[in-house]
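Provided below as structure tokens are two forms of one protein chain, presented individually as structure 1 and structure 2.
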Structure 1
Amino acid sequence: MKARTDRVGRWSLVGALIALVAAVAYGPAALAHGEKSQAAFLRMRTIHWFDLSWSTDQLNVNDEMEIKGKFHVFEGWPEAVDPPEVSFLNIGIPGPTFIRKESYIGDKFVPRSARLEIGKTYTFRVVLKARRPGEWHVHPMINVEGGGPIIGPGKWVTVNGSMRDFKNPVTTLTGQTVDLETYNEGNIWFWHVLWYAIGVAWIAYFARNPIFIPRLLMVNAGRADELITPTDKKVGLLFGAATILLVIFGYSSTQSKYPVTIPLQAGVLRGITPIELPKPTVDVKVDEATYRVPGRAMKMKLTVTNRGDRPVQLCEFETASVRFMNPEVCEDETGYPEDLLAEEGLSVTGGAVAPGETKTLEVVASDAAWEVYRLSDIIYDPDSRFGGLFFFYDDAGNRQMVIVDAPLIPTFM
């Protein structure tokens, strides 16, 4: 029996050690934002980000960078997501590694939520100031009330220097310039320590005498009233009066020091102006779209009509921030994040579409990004559709954007 108990004890110890090692030995840093875990339909059929640029990917503490571009609010907005009537242009970073100095949708400053319209395209611009050294994944992001975060493409940005050097000056309307990193901090510590000390003194006064057993015995013996002496009451009165007086003093002295204050500002911003993109002269009808699971490839048969006066070629297919490029027509020159760029990911059979011509193009968008970014999960959605943007170029380098929203059929062979 003892041998058995010893064996159980030994193996329990081994198990506990394995659990401990497993828990502490591998602790990778969480640097990105779980964008791959967002449902594929959410990324494909809500906000489409394009023409993005990051002003730099190397900067020092206190330097500023700018992210700008456009986003299209997709017509095929899914039923499961509330319409973007209360939306906030956010930035996806691991905590305040940068501060957000400015953000604009169109030319409107948007520190608060704003109303967006489905089917419209907007420009945006965000200015960030580096605060904490490190390598950070920086995304533009739109949060939609009732829908959650819709994250855009992320780029790795390196910040050098020391956070101790970071400054965040702001000038108030009363003419005072303050550093938001430390403003009011001494005041916060002073009042919290003062009140805490008063609270401790209140308990300590009663803890001078026995606290539990003798008092319990006295109360059980029906002598509870003897436990609060007249001196105790006087001390209580003193504490009560001092508390009220201190509150009055603190309030009035703050009022005299800061006579001009305002309530917190809130409310949805209206009147956000979208941009007007020229109406495309290319019509695209999706005859068939299949996703081949083993090949990580989406195959589309498109009927394309060119109503313009110049031949056009399909250059790019964008979906969920992944850009499938046709290298025979164009290439990215913006430094787009590599993991989201399939530079040779789009093959087009059928070539250019001449003016006035209607033609069938066979298009294959293939890349490991389908799997890496978990977009292939679209086939398991209850509403198996895909959405994206086609970019066509004519021979003069003019670009046209065509929105696509069509059912998707998986193939498993």
Structure 2
Amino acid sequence: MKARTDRVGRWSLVGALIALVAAVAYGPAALAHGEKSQAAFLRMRTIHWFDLSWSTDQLNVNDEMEIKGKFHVFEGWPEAVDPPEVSFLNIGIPGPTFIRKESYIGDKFVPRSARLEIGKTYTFRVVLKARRPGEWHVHPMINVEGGGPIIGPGKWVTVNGSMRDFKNPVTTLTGQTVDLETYNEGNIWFWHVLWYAIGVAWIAYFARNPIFIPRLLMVNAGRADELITPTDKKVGLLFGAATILLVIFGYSSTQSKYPVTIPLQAGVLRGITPIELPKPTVDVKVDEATYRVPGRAMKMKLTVTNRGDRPVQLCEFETASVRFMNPEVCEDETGYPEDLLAEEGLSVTGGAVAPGETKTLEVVASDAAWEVYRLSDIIYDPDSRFGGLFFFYDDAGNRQMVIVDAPLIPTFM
């Protein structure tokens, strides 16, 4: 019986090791991201992305592309999310399919975290270099300390070619040019294999005796002290001493080979300059906003005052990166992602607002995107409010942006 139990224990260990190796070796490709799973209030009331453009959606390995646009840090920033005092401009992609060459907020290079101000609007630009062929969903993204990643609209980008051709040459501060894709690859393999071998040897030593159930039985019988023998203690000390010596050797050899080093830069950049948008001459008051659950439609009653000298019309309502367009006034010509663009999703009753006039507009934003992107979940939030941007155009084609932050009431009829 004891021999059979020993065999069961050993085979259990072998099975666990095989499962671990398989989990490490197998990594299925993630084609898109989980922005739909983010809470609706987080997407509606934190960062609003607009005027985005992708320089291309077809490129080869080693080619570069640029994503640029603007984002507004929403005034109604939710209480449950830490303010964006430590924020990092990033790109949401499924793994290392691109490398980031440059990133800017305003005119400032931002290789590390920056401080953003609530209520301000910024321009941004990111330059990417294609690394792995395939079709990838590429998003701008801002990581906020205490708030997590806030993902912007994503666009499918196709990369052609072979990953074997990818090069990433850089010139170090000492004047040496190296390819980061393959630099010191042999040394990386050596240390990984060495530490894995030490770990496997440690497991193999202690797995030579009965494990799991026999050990549990001994502990329950009050014989736990017998599980660790004097030889086991000596072997443990040997492993510990060898590990310390390896660390000292690795550190000293690296220090002698690379005497010129600088620490990773981890400070927070301040003084990021926001852009000054023209003060709108249109005032908007949300008198009522409801979301009709069966119809996937949001209805708003707005009181709009035009203090300008030209008539204005409501062209677009943007929230959580979804753009609801009024086709009677304007249309998108930027190649915005189709799944986030409701080209005929905005209907406006009331028409143009003349100079000096105050008028009530009835606005309906309806599209399947409310359900597809789970924006309707906002009605189940304890603080049931929505946020977004209204874009008005006058008869000369001039645009004004108005920010909206108001309660949202669900209706189920």
Partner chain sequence: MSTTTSAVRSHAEAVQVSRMVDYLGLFILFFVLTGSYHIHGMLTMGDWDFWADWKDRRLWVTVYPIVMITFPAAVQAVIWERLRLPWGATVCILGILFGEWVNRYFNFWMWTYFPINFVFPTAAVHMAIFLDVVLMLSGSYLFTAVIGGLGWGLLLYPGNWPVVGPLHVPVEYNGMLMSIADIQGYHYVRTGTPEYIRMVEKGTLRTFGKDVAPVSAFFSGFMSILIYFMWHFVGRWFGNVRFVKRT
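Please note that residue numbering is based on structure 1, beginning with 1 at the start of its sequence. Rigid core: the largest C-alpha set superposing within 1.5 Å between the two forms. Predicted model only: the values in this text are computed from it and were never measured.
- Between the two renderings of this chain, the form predicted together with its partner chain is found in structure 1; structure 2 comes from elsewhere.
- The chain shifts as two rigid parts between structures 1 and 2, and residue 219 rides on the other part from residue 395.
- A rotation of 25° separates the smaller rigid part from the larger between structures 1 and 2 once C-alpha atoms are superposed.
- Fit the two forms on the rigid core and the C-alpha of residue 259 turns out 3.4 Å off between structures 1 and 2.
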